[in-house]
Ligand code: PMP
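The chain below stands alone and is given in structure tokens; this is the form predicted alone.
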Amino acid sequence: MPELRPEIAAMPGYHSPQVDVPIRLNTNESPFPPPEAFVSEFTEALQDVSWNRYPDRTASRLRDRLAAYHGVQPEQLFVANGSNEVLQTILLAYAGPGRRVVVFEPGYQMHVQIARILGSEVIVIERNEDFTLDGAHVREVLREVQPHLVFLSSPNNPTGQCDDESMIDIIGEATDAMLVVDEAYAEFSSWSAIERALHSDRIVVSRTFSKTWSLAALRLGYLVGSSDVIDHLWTAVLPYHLDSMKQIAGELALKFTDDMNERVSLIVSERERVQTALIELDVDVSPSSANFVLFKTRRDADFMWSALLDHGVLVRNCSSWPRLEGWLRLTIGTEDENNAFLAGLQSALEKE
């Protein structure tokens, strides 16, 4: 076989166990399917696709709809196959071999994974014990290493917490790097960096249709930034990268914002109920502003994961991730799914 790049050979893949169980609460998906009207309109729209023609390379109609939704200009939007391809494209344009990328740990694993695949040097700044960031420490490290790109998630996955918005100013004052604010869970968050991104060539915001839009199967994401930055991304991405089906689905989904907002409210209400129940069970909880909850019990994480699986509930075991020994992550599901999780958890905690 040809010799593999050594950094790829040494790198573990990104895995999320998919076990055949009644209740899957491990990948931060929406527990609700998209509205029936969306499915019907999407199916009908596919009849008009010119299958023998390449898709619109710049997804102009989808970007027009997104621009109207966010109150921005179409040229301030880039779209791709899920937020991971969005992140990959921004890294292709502003990172890569010989360039440094800063991440905060614990954080989203794909930031590190994609950066290293592309040959970037990854520098980790650790969060405090309560998963917050020390602004003075962040400023000091950034001034020392002078990275080319910095990732900041709001809310942060897997901790669920929102960093203070002032962190954007701290990062901007300490370095000239491109700041990528990953807002995969933005609809649950208390603030967004989109307005800042529109008026800066050093800030971009990544979003996704996978979570609150109930379209994880679609793999559609987008990025908001200055038109100059967006122009560079169209150069870095492969031509005709976004197929016609995704573009149509994204356009149609934006007609159902009321349904999305209603689901967000339901999930937030369930999240608060579950967090309260966990605390009453004497479980450590990382306060969440997302659609998931990071928690830690007095029992071994592997034992708890297996015990919940025995009850037909699959959660994410984060114990092997940096700084997360003993922690598990629960995606907020429907009321019945959450009740099943809590019952299974209580049973596992009471086991001898």
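Numbering starts at 1 and runs along the sequence shown. Small disclaimer: the values here were computed from a predicted structure and weren't measured.
Keep in mind that the form predicted in complex with the named molecule is missing from the display, and what follows is about it.
Among residues of the shown chain, V180 is not one whose heavy atoms approach the named molecule to within 4.5 Å in the predicted bound form.
Within this chain, Y108 lines the site of the named molecule in the predicted bound form, having a heavy atom no more than 4.5 Å away.
A residue is said to contact a partner when one of its heavy atoms sits within 4.5 Å of a partner heavy atom; Q161 fails this definition for the named molecule in the predicted bound form, lying far away. Mapping the unseen interface onto this chain, V101 falls outside it, with no heavy atom inside 4.5 Å of the named molecule in the predicted bound form. Looking at 262 to 270, 79 to 87, 169 to 177, 115 to 123, the stretch with residues near the named molecule in the predicted bound form, meaning non-hydrogen atoms within 4.5 angstroms, turns out to be 79 to 87.
This chain is displayed alone, yet in the predicted bound form one of T212, Q247, N157, S192 has a heavy atom within 4.5 Å of the named molecule; that residue is N157. None of A184, V150, V224, L242 but one reaches within 4.5 angstroms of the named molecule in the predicted bound form through a heavy atom, and that residue is A184.
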